[in-house]
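Shown here is one chain on its own, the form predicted alone, set out as structure tokens.
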């Protein structure tokens, strides 16, 4: 795989990318999310998009801190990132994490960081529409039943429902919706900084409830667009002992696997 340039390397050569790929904490450190990062960069390389990452200069957007109520820590993280982004004159950002997407897009402008922020599913849909990503006929997922889990920050918070479904349609499979989907979707159980909290008293974990809804569709694949959702849905399949029968994939991974990149 070709080397991924950093902003510092490009700046040293007097160059700037068309788009900054914000990798995020999960995409950098979580072994499951790292696979999505690699899949997405394979697509970016394949279509010839001029991009770069911040590398060691990227730190957490501060989303978990703000959602958990630590506004001071959020602003410290955000201002540090904004200083770096503005220092490089960044205009456009793409990220594979809806939490990073939402924070960079909606929270940073108030602190002096205004950027054109898109989620990778939106960029993937755009590349498919432009014919820059062409799906191979008879790909790995042709005719398979796929259900799509709307992440909270792409769905209800930012109203992005069609882009991910358009990407799935291009894979030539049967999309089966869960009972609760789109604006009525159910959280995977990790959002709002719940990922880092102990369970509260209750009868059932949210991700188990959501896993059951996914299994009810009879789908062989659960598509997601968020590292948190991937973890929670994956754990849900394990809890139901279905991890060998029902796969959980990010949309970028589905394209890479379909096209053999």
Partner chain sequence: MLQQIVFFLVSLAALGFAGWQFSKIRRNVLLGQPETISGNSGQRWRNVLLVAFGQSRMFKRWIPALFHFFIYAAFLLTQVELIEIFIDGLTGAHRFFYPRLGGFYVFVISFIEVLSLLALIATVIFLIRRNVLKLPRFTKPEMKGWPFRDANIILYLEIALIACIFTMNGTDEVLFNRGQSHAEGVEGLEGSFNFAVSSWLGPMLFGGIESESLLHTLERTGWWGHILVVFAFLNYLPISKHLHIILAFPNTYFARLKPRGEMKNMPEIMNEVKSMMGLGDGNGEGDMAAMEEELPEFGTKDVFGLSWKNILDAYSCTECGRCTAVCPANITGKKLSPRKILMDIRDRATEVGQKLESKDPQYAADPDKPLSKDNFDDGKSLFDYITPEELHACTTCNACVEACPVLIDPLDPILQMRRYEILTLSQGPGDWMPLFNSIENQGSAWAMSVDRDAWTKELTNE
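Because the structure is a prediction, the values reported are computed rather than measured. Positions refer to the first chain, counted from 1.
Just so you know, the form predicted together with the partner chain exists too; it's not on screen, but the next bit is about it.
Contact with the partner chain in the predicted bound form, judged by any heavy atom within 4.5 Å, is made by just one of 176, 114, 186, 140: 186. You can rule out all but one of 115-123, 151-159, 168-176, 129-137: in the predicted bound form, only 151-159 has residues with a heavy atom within 4.5 Å of the partner chain.
Interface membership of residue 38, defined by any non-hydrogen atom within 4.5 Å of the partner chain in the predicted bound form, is confirmed. Interface residue remark: residue 25 is counted as part of the site for the partner chain in the predicted bound form, having a heavy atom within 4.5 Å.
Residue contact with the partner chain in the predicted bound form: residue 202 places a heavy atom within 4.5 Å of it.
The partner chain in the predicted bound form comes within 4.5 Å of no heavy atom belonging to residue 217. Candidate site formed by 55, 79 and 194: every one of these residues places a non-hydrogen atom within 4.5 angstroms of the partner chain in the predicted bound form. Contact residues in stretch 105-121 (any heavy atom within 4.5 Å of the partner chain, taken in the predicted bound form) are 106, 107, 110, 111.
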